[in-house]
Structure formats: C-alpha cells, structure tokens
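Have a look below at one chain only, the form predicted alone, in structure tokens format.
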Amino acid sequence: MDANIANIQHFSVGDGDGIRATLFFKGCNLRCPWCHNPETLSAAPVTLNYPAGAQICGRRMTEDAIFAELTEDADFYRESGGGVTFSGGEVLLQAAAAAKLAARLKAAGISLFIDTAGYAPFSAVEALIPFADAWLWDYKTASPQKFRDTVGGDLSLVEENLQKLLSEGASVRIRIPLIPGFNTAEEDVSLICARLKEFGITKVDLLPFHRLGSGKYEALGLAYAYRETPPQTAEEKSRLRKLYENYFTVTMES
C-alpha cells in the first residue's frame, strides 16, 4: 500500500531511543502555529524556495520502497538500541498504510515508536497498537478552549484516545512542547499536571521552544507566528522543569 511521505530522516537522535530513522508522513489535521515541520501540514506536495534552489516536499512511496530504505540502517538500530519512528504531519491519518509497514518492521525485529498528537479516531490508534514499542504522545494544553482556538481541534478526542491507549497497557511517553505565551504560565502548567495525573502519568518529556523551522516558513512563503519569539533562557527552562518536577519525573530536551 502506498503512503504519502514528506521525508525519511536517517540517523535521527531526537525521536526516541538510540539511533533511529524517522519516517515523516505528510498531512496533518491540526495547525499548531509553532510547528517546526510546516512542510508536512498539507497532504499535497509543496515547494520550498530556498536561495540555493527549490525543494519539493511530498511523494507517494510504495510500502516496499519505504521498508527497503528504513531497513538499510538495521545494524545501527540494533547496536544502539534504536529503531524507526513514525512521525509527521500526523501518522494516524494514514493508519492503514502505517500499520502494514509497522507489521513488516516488527517481523524484521526492528523497534517502532509512534510520534503523534493523537487527534484521530481511536480505530487509527488501535491499528498500530500491536506493532508499537512506545508512543511519543504530544500533549499541548489541558485547556479545551486554548486547544480549539489555537491548535484547531477538540481536546476531548486527544484525551479519550490517550485514556484508551493507556488502558491497553501501551508504553506512552508524554511530550509537552513548552510554548511561550501558550502553555508556560504557572496556571497553565498546573492545569496540565493535574489533568495528566488523572490519567496516571508519572513521567513527562519537556520540549523547550525553538525556532529551527523558521526558515521553512520563509521558503514556503508563509508567516511564522513565533518569528520574533526568542528561545527560552536557561533560567526559564529551569523554572518550568521545577514546576513539572512537583508532579512528575522529568526529562528535558536540550
């Protein structure tokens, strides 16, 4: 079965344990204004116009072609305790194709992580449960209104899916992007922590804000809402870490 792919990133170290290949599925049904992969949002191919030349993002790939490319680095996965991460965009929007590919990776003994915002029918989540070793679950806010107004979706669907996934005994790592002006005020953090505790969460990964995707917005001819927002200082990251450590074991990306 073909899949709509934005990119395959080899030797990725930020999308799970060990050395990994990250498969970026194209298309997303949310619109986070801080997204650092804006080229993956549209399901259609897009052109990034860089000074060095144009780059087209988006292609249909067969299951065989994707599997062949992902397994090129199998020795590195095994030596490092790594594997493959399905990301996006939103992988759950292509759950049928993802599940077929995931089954082949599992049969080949390759670890699979699913990086998702969880915004899809639970049937899409369910299709991948037998094959995923871990889920990297993006949790942006505990405010339904903020989620609706800023991200463009219904938070209850994300939370219902998370609850069901946890009830299946899946390994879930909650990842919280730290977005200035959106979810970093103390009241926002308290609301997030209280809500996640209700789900029985004990550990979270914190992802500090960065502007690494800003050049992509320019190349796509899009406005970037966080263009003038500076990265968080060491002091600000320390403040946020301490707030979350009141509730959870915390890992923070550098």
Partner chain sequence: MKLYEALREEFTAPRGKFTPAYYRFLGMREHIRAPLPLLRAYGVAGLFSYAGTHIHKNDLIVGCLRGASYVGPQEVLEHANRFLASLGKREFWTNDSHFAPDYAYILTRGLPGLHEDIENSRAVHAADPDRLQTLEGMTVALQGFGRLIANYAAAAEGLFGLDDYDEDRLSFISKNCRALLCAAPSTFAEGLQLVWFCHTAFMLEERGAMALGRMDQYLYPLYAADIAAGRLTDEEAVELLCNTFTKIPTSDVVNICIGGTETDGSTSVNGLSRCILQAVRACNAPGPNLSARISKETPEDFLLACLESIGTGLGYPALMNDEVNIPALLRMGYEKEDVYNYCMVGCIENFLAGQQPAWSDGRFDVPRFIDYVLNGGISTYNNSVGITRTDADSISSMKDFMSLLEAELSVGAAEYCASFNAKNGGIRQDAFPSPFLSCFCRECVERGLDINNGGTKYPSAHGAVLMGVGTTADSLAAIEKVVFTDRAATLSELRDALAANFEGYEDLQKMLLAAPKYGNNDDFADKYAVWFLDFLAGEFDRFRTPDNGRFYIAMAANVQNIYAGRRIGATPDGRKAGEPLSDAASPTYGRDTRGATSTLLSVSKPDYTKVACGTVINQKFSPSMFEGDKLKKLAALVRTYFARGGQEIQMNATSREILLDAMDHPEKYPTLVVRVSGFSEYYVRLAREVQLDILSRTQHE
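Positions refer to the first chain, counted from 1. Just so it is clear, the structure is predicted and the values come from calculations on it, not from any experiment.
Same protein, other form: the form predicted together with its partner chain, not shown, and the subject of what follows.
Chemist: To verify the annotation, which of these, Arg195, Arg211, Lys203, Arg31, has a non-hydrogen atom within 4.5 Å of its partner chain in the model of the complex?
Modeler: Checked against the cut-off, the match is Arg211.
Chemist: Tell me, yes or no, whether Ser238 is in contact with its partner chain in the model of the complex, where a contact means a heavy atom of each within 4.5 Å.
Modeler: No.
Chemist: Just to confirm, Glu168 within 4.5 Å of its partner chain in the model of the complex by heavy atoms?
Modeler: Close contact is absent here: in the model of the complex, Glu168 is far from its partner chain, nothing within 4.5 Å, heavy atoms only.
Chemist: How about Asp149 - does it come within 4.5 Å of its partner chain in the model of the complex, if we only consider non-hydrogen atoms?
Modeler: Asp149: no contact with its partner chain in the model of the complex.
Chemist: In the model of the complex, does Glu69 have a heavy atom within 4.5 Å of its partner chain?
Modeler: Judged by the heavy-atom cut-off of 4.5 Å, Glu69 is in contact with its partner chain in the model of the complex.
Chemist: Report yes if all three of Asn37, Asp75 and Arg227 come within 4.5 Å of its partner chain in the model of the complex by some heavy atom, otherwise no.
Modeler: Every listed residue reaches its partner chain in the model of the complex, so yes.
Chemist: Residue by residue through 152-185, which ones have a non-hydrogen atom no more than 4.5 angstroms from its partner chain in the model of the complex?
Modeler: The stretch touches the partner through Arg175 alone.
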